[in-house]
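Just the one chain here, laid out as structure tokens, in the form predicted on its own.
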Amino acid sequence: MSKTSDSTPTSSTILHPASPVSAAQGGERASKSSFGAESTMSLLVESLKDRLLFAVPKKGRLMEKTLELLAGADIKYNRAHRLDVALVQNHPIALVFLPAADIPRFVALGSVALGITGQDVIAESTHGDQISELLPLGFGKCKLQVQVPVTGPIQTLEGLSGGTIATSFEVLAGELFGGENGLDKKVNGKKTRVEYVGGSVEAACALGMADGIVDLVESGDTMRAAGLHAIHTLMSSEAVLITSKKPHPTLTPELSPLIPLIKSRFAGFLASKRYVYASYNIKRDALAAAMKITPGRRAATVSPLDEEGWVAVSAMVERKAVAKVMDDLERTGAEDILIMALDNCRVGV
């Protein structure tokens, strides 16, 4: 879930429709196009007033997964070409498409009520204490790691103290080495240089720019190809649904219920992708062994059959383990084992 920069300007007029900026400073110029008619943007701004503002990533893999999540939650919208605001058709919600790295700031400062971004960019933004994580979303998983050349002279975190680190995570790398309890103070007092590199950070060591790097790692293939390996993990990260710890000023009694509704729908859709529904029949004297195989997400459902000594069992089973679960159930004496895909569900969050 790498941080990305984006040169597309983000207008505060869009995100603060009730502010004096949108009402006064914009004036006629904001509401008229060169043809004298109301512009598409001014119409959008006006329509945001009674909607919950929801910031979503505007590009990359996070955006792709987020759009799947919105579709699974039945949040329908049309996004006009080159506009970063889209009005939801079946709920009073407006989607605001922003760079993932900007979303923590917009949420923390109250510009939008909800957002989706990575835990790594929340930590790097320094706004973490103002943000509540409502739901882990299970995608965009990665680790923020310190990596050094496999064959290099430095193979410990302490060995990097006083050297040069290349990274796009200046805040987190700076805290690791030079913070209040950083390695610089613990090891030798030498100040570690943290050099900002916006992309291709893995090349910094090979080019002689740095002794090590701090960067996000998903599979690790890119780092291995560059001759690097991890010596320390700062944090694990995934995409999360977030809101501000302070209630958003636009959250009226009509809009407030949308937050738990969105959270519930997201959790249900994600569970439907993670789990399948298993059903089977088994003799009661083998039930205890079967329960260890299919304990269910919360608990399995057991019902007596119209045959002495037999019960029917149904439970949610993780999709990735379903083949082994069926094999194990068969060995315990289970019969009529059925696996059914879940299109959607509600799991309680």
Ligand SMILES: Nc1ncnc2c1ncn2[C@@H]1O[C@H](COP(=O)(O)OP(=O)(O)OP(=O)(O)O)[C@@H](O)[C@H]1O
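These numbers were taken from a predicted model, which means no experiment stands behind them. Numbers for residues come from their place in the sequence shown, where the first is 1.
One more form of this protein exists, namely the form predicted in complex with the named molecule; it is left out here, but the text below deals with it.
Among heavy atoms of residue 61, some come within 4.5 Å of the named molecule in the predicted bound form. Proximity of residue 161 to the named molecule in the predicted bound form: non-hydrogen atoms within 4.5 Å are absent; the residue sits far from the partner.
At the 4.5 Å threshold, heavy atoms of residue 141 reach the named molecule in the predicted bound form. At a distance threshold of 4.5 angstroms between non-hydrogen atoms, residue 218 is in contact with the named molecule in the predicted bound form.
The three marked residues, 118, 121 and 237, each reach the named molecule in the predicted bound form, with a heavy atom inside 4.5 Å. Only one listed stretch (259 to 267, 141 to 149, 107 to 115, 275 to 283) carries heavy atoms within 4.5 Å of the named molecule in the predicted bound form, and that stretch is 141 to 149. For the options 176, 100, 165, 242, the residue carrying a heavy atom within 4.5 angstroms of the named molecule in the predicted bound form is 100. In the predicted bound form, no residue of 257 to 285 lies within 4.5 Å of the named molecule by any heavy atom.
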